[in-house]
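What follows are structure tokens for two forms of the same protein chain, given separately as structure 1 and structure 2.
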Structure 1
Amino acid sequence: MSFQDSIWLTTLVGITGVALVFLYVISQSGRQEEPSAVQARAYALRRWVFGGLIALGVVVTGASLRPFPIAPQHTLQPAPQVIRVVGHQWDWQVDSGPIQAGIPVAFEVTSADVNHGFGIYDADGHLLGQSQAMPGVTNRLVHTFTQPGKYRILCLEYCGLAHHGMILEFDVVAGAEEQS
């Protein structure tokens, strides 16, 4: 299951859960009960709902922010591979040279004109990671390709007429150890 699959599944489960709660309450709406009795029970239950959501939020926050998902932007330790990426209306200018799998590569992403979005797609069309390409700013995206093969860059920030044409294919080669 890809990361996207688990996001999708979580969302569907959440939406279905909310839908079931609504359907249950609607199914109960025809009967009549004292408002004060309903309110008392609902308020008691709400404490649990509230507490449960807070607890869930704390756990997810902790788990999702450590390690911090964005690479340090200012670091004295250079990445093993550095690739400079410049977005133009409407093509990508990317340092040539092999990118090796299994070794972190730091993409230094910027733009020569308007905002673009640097999105890395694998051969199956999954988005692996992204960063904005903004004029006057360099964003540092560190990614480790696990597989050699063909990859693509798609533009993920609307940049005008040929935004959907900003696609560039590139190769990732096997890392040194894998070759030997």
Structure 2
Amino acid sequence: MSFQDSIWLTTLVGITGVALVFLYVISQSGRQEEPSAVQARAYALRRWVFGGLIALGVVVTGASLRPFPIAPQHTLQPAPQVIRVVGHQWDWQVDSGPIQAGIPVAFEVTSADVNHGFGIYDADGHLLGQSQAMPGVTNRLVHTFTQPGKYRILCLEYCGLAHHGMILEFDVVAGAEEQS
């Protein structure tokens, strides 16, 4: 079971619990009791349900954020490969050169005109990393490609009429340790 599946299952159990509480409240609604006793029980039930939901939210949030999949970007760690990327309306200008799998690569992303969203996708269309491309600002995205192959850069922010065509393909080659 993948991590995402376990989070989904936990959420489903929580939703089922809330639904059962609602069904219990509905089933008890026809009983004739003292109004103060009903009100006291309702307040107690609300406190327990609310507390349980808060606890479930904290657990799910903590479990899903702990294994954060993106490498720290705020530290300027030297990357063996540095690729400069400039976004233009409506194309990407990328330093040429081979990108090797298994070796960290730092994409230094900026824009020459308007804001662009810099997104790297694998062959299956999964987003591997993203950064903002802004005029006058250079953002750094460090990523290690695990597999050689074709990858694509897409613009993630609407930047004008030809935004949809702002796509660039590049190849990742096997690293030196993979070739031997």
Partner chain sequence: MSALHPGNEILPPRERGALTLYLVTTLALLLVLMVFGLLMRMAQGTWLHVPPTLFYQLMTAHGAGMVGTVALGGSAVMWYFLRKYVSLSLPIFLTNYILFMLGAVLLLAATFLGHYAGGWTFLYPLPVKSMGIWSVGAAALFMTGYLLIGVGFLLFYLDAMRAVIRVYGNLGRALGVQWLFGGIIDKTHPPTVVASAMVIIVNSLGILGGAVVLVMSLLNAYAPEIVLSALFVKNLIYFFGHVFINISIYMAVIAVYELLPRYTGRPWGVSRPFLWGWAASTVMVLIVYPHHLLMDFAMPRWAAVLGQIISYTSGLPVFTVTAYGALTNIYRSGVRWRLPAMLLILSMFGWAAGIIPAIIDATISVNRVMHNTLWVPGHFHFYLLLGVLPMLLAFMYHLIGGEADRPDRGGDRSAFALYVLGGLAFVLMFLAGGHASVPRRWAVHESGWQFYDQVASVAAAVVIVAMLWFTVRLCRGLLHGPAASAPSPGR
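If you superpose the two forms and keep the largest set of C-alpha atoms that fall within 1.5 Å, you have the rigid core. For residue numbers, the reference is structure 1: its sequence is counted from 1. Keep in mind it's a predicted model, so treat the numbers as computed, not measured.
- Here the form predicted in complex with its partner chain appears as structure 1, and structure 2 shows the other form of the same chain.
- Once the rigid core is used as the reference frame, the Cα position of residue 165 differs between structures 1 and 2 by less than 2 Å.
- After superposing the rigid core, the C-alpha of residue 150 moves by less than 2 Å between structures 1 and 2.
- The two forms, fitted on their core, place the C-alpha of residue 32 7.2 Å apart, compared between structures 1 and 2.
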